[in-house]
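To begin, one chain is listed below as structure tokens, in the form predicted alone.
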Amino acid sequence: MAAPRSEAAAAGPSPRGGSASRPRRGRWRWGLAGASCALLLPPLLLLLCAPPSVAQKKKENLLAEKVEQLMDWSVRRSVIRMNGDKFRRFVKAPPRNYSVVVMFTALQPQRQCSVCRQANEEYQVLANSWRYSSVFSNKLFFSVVDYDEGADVFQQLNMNSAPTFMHFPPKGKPKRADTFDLQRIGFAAEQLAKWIADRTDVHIRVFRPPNYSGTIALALLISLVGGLLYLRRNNLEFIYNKTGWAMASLCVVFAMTSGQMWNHIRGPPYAHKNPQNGQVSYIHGSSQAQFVAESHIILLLNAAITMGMVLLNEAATSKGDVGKRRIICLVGLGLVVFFFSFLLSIFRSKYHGYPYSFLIK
């Protein structure tokens, strides 16, 4: 049986030379594609090598002008003061290839914002650390907007409290994390530097000006103790006074349990004044933060409760007049009951949902 032939073989030779016409047709197609590429290549190269448009050039010039102006202000002063017009031009309006950290505050004396002054001191320390560091560049600027100089900015941002720290990134609008959580973290320069590093990848090492007040106070204390020991060198029995050591120990315990160390680390404000109604809050409403005044209140409450416990113990162990002991017992019991109720009410106001209370709600 004969093997089957292909269609090409069965059809016979082509009129134009058989199967050789197919390679010629392929070469003709490749030549057409090459000619098309050769025709398109000059316009593409012309577009790539063409100078920037007038609008692009104007945008670059405007950006260079803004950066140059900001650098000039930063050289003169680490924190740039801005009003509404400067804020809209250099912070809000494009083009911008730099980050701006803005403190919104109210530093005028008539505003009576002590927290604003304290936060401004820490902000100045941070800005000076950046300005005089070896990595200082035009990628980050520090500015401040005072309410009395830029009230329209506060209204534009729907801002009703001060101080407030915000980061404005080079591109896009600020996100929620670009607003510094002042109530929870405090406004210490180190905490602000950590927040800026998270938002901009710019790491600032905080350099504080030398403060010799602690050294002077320690020297005075050592001198006082040394002078007292020298004057009483013939009678040092007071060193073995248990009551004196107990009082000193209680002072340390009260300071530590009231949150003084937390205040030293976080640097919270002393109190908070509502700018709308002027009401001052001494107790922070969250369990994650506190005010300095709050720690002072807790210290006094703990001291009052301790005094009540001491009086109760004195009434139970002393051998004096029964009537006097009864009065001491009632006074001690009253101190413990009242101030413990007050302390428990503060605990309930901070830990929402806590069900228990005693006398004071």
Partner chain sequence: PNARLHFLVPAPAARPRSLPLRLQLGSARQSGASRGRARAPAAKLRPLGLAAGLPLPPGRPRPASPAGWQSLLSFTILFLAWLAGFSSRLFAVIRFESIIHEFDPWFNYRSTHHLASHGFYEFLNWFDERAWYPLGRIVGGTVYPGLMVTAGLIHWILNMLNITVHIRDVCVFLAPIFSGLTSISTFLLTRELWNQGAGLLAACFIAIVPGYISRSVAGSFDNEGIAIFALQFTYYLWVKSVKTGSVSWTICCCLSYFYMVSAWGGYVFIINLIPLHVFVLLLMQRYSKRVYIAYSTFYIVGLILSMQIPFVGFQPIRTSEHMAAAGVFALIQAYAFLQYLRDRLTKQEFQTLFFLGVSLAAGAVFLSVIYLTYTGEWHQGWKYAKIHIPIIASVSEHQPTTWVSFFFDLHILVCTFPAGLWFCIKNINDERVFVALYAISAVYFAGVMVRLMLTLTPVVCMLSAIAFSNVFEHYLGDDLKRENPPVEDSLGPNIKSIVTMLMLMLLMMFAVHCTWVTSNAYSSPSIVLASYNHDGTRNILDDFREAYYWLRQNTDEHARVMSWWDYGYQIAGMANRTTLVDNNTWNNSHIALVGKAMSSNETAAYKIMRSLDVDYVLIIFGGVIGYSGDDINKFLWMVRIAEGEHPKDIRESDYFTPQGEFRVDKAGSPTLLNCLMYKMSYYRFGEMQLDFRTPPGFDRTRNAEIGNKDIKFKHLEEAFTSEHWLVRIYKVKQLQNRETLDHKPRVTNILSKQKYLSKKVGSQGNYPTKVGSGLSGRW
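In this text, rigid core is short for the largest set of C-alphas that superpose within 1.5 Å between two forms. Residue numbers count along the first chain shown, from 1. Everything numeric here is computed off the predicted structure, so don't read it as measured data.
Omitted here: the form predicted in complex with the partner chain. The next part is about that form.
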For this session: May I ask whether Ser78, Phe87 and Tyr147 all come within 4.5 angstroms of the partner chain in the model of the complex, judged by heavy atoms?
Result: no
For this session: Among 91-99, 129-137, 280-288, 163-171, mark the stretch whose residues have heavy atoms within 4.5 Å of the partner chain in the model of the complex.
Result: 280-288
For this session: Only one of Met309, Val331, Leu300, Leu62 comes within 4.5 Å of the partner chain in the model of the complex by heavy atoms, so just point that one out.
Result: Met309
For this session: Go through Val225, Leu231, Ala219, Met261 and name the one with a heavy atom inside 4.5 Å of the partner chain in the model of the complex.
Result: Met261
For this session: Would you check, heavy atoms only and a 4.5 Å threshold, whether Asn235 touches the partner chain in the model of the complex?
Result: no
Exercise. Is there a non-hydrogen atom of Asn313 within 4.5 angstroms of a non-hydrogen atom of the partner chain in the model of the complex?
Worked result: yes
Problem set entry | in the model of the complex, Tyr240 touching the partner chain (heavy atom, 4.5 Å) | yes
For this session: With heavy atoms only and a cut-off of 4.5 Å, decide whether Asp198 touches the partner chain in the model of the complex.
Result: yes
For this session: Select from 341-361 the residues with a non-hydrogen atom within 4.5 Å of the partner chain in the model of the complex and write them out in sequence order.
Result: Leu343, Leu344, Ile346, Phe347, Lys350, Tyr351, Gly353, Tyr354, Pro355, Tyr356, Ser357, Phe358
For this session: Could you check whether the CA atom of Tyr282 moves 2 Å or more between this form and the one not shown, using the rigid core for the fit?
Result: yes
Problem set entry | Is_shifted Arg325 between this form and the one not shown (CA, 2 Å cut-off, rigid core) | yes
Exercise. Is it true that Asn138 shifts between this form and the one not shown by 2 Å or more at the Cα, once the core is aligned?
Worked result: no
